[in-house]
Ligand code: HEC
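First comes one chain, alone, set out as structure tokens in the form predicted on its own.
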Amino acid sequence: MKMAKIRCILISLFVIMPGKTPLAQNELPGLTQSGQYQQGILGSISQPGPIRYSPDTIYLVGTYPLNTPELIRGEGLEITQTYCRFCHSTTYISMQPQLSASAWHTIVDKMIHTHGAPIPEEEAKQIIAYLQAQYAQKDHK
């Protein structure tokens, strides 16, 4: 009996105040809409959760740049391009900082003895001479 009385009072409150919502007050000037809002940090933006990909997802990354800058013309250019392109793009040569002549010798030696580049000794000398002439630090006297 007591529960029925409380239910009746609550229903009459909702019928008596048809324009008012019990969740938020609409008494502030300029407030045009009321509702129930969660309290948060002012100015914060919620980040979306991580995207879940399925194992058969296809990733589209667009086209990769395929341009390789030309090496500096000089004696030994062709043999350098031929042997160096066995393992990597010639971009690896042009993107190096200006190295000393001995550093270029060390790099070619490393390519042959450490990485197994199939460069005969005579061709290696020509490649080293080309790299030292075109890409080594110049003496400024």
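From 1 onward, residues are counted along the sequence shown. Please read all numbers here as calculations on a predicted model, not as lab measurements.
One more form of this protein exists, namely the form predicted together with heme C; it is left out here, but the text below deals with it.
Does at least one non-hydrogen atom of residue 113 fall within 4.5 angstroms of heme C in the model of the complex? Contact check for residue 113: no, nothing within 4.5 Å of heme C in the model of the complex.
Tell me, yes or no, whether residue 117 is in contact with heme C in the model of the complex, where a contact means a heavy atom of each within 4.5 Å. Residue 117 belongs to the contact set for heme C.
Taking any heavy atom pair closer than or equal to 4.5 Å as contact, tell me whether residue 57 reaches heme C in the model of the complex. Flag for residue 57 set to no.
Can residue 92 be called a contact residue for heme C in the model of the complex at 4.5 Å between heavy atoms? Yes, contact at 4.5 Å.
Within 4.5 Å of heme C in the model of the complex, counting any non-hydrogen atom, which residues from 81 to 114 show up? 83, 84, 86, 87, 88, 92, 93, 96, 104, 107, 108, 110, 111, in sequence order.
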